[in-house]
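Single chain ahead, by itself, as structure tokens, in the form predicted alone.
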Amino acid sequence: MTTTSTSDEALMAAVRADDLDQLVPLFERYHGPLFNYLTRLTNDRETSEDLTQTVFERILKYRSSYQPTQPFKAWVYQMARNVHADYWQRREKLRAADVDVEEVERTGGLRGAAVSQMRVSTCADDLHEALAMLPAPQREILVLNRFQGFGYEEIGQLLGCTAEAARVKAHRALQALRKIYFAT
């Protein structure tokens, strides 16, 4: 099978049929974009490397669930969303278990003030910081649209809504980003 011109869907269909060598070109095509997507969601490169690896492990594990009529890009990004959601839930459980009430009472107010007072040297850093301050659903839709190049139709498929609803959510997320960016 020639992999340079083969569609993602054909490669994944081959992977689904246990031709695991066809995962290599999919890895080459999607490793970087998935890593960038997850880095923008987590704001942590090391964690994003682990999560990207987990996405490809899940591709292998759940390859039989792939439907060849489904766009591979949407399927793999949905998997990345699920990996991120699982990571977030584990992290929140660990955080809740490790809360030291006295420490929170002593420093709780200082962290928010420190974050709001923090200044970074470049506009890109300011934007990245503002993006990290958005609620996760708004950050995700902007990352998908502005950094990953997803159209509203694809985002709607991922989020389980219409393209128009995805457009409205992206618009609201952009407004929220502007408020944060220009307030800092």
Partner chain sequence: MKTPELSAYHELEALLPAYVEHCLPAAEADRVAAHLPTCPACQLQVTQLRALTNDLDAALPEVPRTALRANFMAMLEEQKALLPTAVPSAPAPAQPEAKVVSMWPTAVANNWMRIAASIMLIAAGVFLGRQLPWGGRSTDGVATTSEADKNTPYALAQALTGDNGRTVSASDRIRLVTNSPKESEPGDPTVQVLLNTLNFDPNPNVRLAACEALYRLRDDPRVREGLANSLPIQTDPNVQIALIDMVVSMRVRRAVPQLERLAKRPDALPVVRAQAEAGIGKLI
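Residue numbers count along the first chain shown, from 1. Everything quoted here is computed from the prediction, not taken from an experiment.
Although it is not shown, the form predicted in complex with its partner chain is what the next lines describe.
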{"property": "is_contact(residue 28, its partner chain) in the predicted complex, heavy atom dist at most 4.5 Å", "result": "yes"}
{"property": "Contact label in the predicted complex: residue 139 to its partner chain, heavy atom within 4.5 Å", "result": "no"}
{"property": "Residue 127: touches its partner chain in the predicted complex, heavy atom cutoff 4.5 angstroms", "result": "yes"}
{"property": "Proximity of residue 60 to its partner chain in the predicted complex, heavy atoms at 4.5 Å", "result": "yes"}
